[in-house]
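Quick heads-up: it's one chain on its own, the form predicted on its own, in structure tokens.
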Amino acid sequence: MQAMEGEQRVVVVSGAGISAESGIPTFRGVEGYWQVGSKNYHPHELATLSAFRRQPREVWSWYLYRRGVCLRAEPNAAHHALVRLEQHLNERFTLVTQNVDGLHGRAGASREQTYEVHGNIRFMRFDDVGELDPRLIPEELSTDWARGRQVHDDEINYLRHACGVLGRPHVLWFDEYYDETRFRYDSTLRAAEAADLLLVVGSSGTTNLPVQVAERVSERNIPFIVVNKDVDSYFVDLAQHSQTGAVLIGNASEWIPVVVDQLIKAM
């Protein structure tokens, strides 16, 4: 990689592929199905505000199970390499992650430079009482949640505000929209406009905001690198049809440390 002149800014977009290498399923496939009684629910049915309003106990049970899966996973080499890149670039680095598992933060990524645009499954919030800042889900709730187990009456109380209102998972649901206050929407787009290089890792391009980031970068003809196991993805196609794009097919844990080493040398 050639040396890059000046104070270059790097934006990284990470998706489910980087977390899959830590053992976290995407939850969009069969791993995400959740049984209530005799009915199997697809993730698209449960991960909505309307589902939460209809059956909050069932939605919370599913999210507490997913939280346990995420907490038992460990950051991999790709997570740690991105932390090294942040430490090298400081405020010239922005990480935009679609993942709600919190693995970037556990690897050492800073909250200031990490935009969790879909939220974080370790947190909850109380929108209905005007409290928008997320809180950690209480430690009293088990992280070893069995598949299909329903939250008990005494456990649901840990998820309530002092006034009695039930909190909700701090995630962006399918029937909700990005915003700046909770999900850094405007900040993400500003970072894309200021970027001198984009690195996309483990994302196929199925969610709106990351696609906007890649398209804005591509329109500006600045370098961007896509690391993905799957050749058949929107970001791979975008990079292959761009004069400034490059594609590396394979595991993030293998490619990202190499890419980060080269970027640090070049910058």
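Since we're looking at a predicted model, the values are computed, not measured. In case it trips you up, residue 1 is the first one in the sequence shown, and so on.
Just so it is clear, the following notes concern the form predicted together with ligand APR, a form of the same protein that is not shown.
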- Task: Spell out, yes or no, whether the shortest heavy atom distance between V10 and ligand APR in the model of the complex is within 4.5 Å.
- Result: no
- Query: S61 near ligand APR in the model of the complex, any heavy atom under 4.5 Å?
  - Reply: no
- Is T26 close enough to touch ligand APR in the model of the complex, meaning at least one heavy atom pair within 4.5 Å? yes
- Task: Check whether G205 has any heavy atom within 4.5 Å of a heavy atom of ligand APR in the model of the complex, and answer yes or no.
- Result: yes
- Message: Looking at H80, R92, R125, H118 here, can you tell me which has any non-hydrogen atom within 4.5 angstroms of ligand APR in the model of the complex?
- Response: H118
- Task: Scan 204-234 and write down, in order along the chain, each residue with a heavy atom lying within 4.5 Å of ligand APR in the model of the complex.
- Result: S204, G205, T206, T207, N228, K229, D230, D232, S233
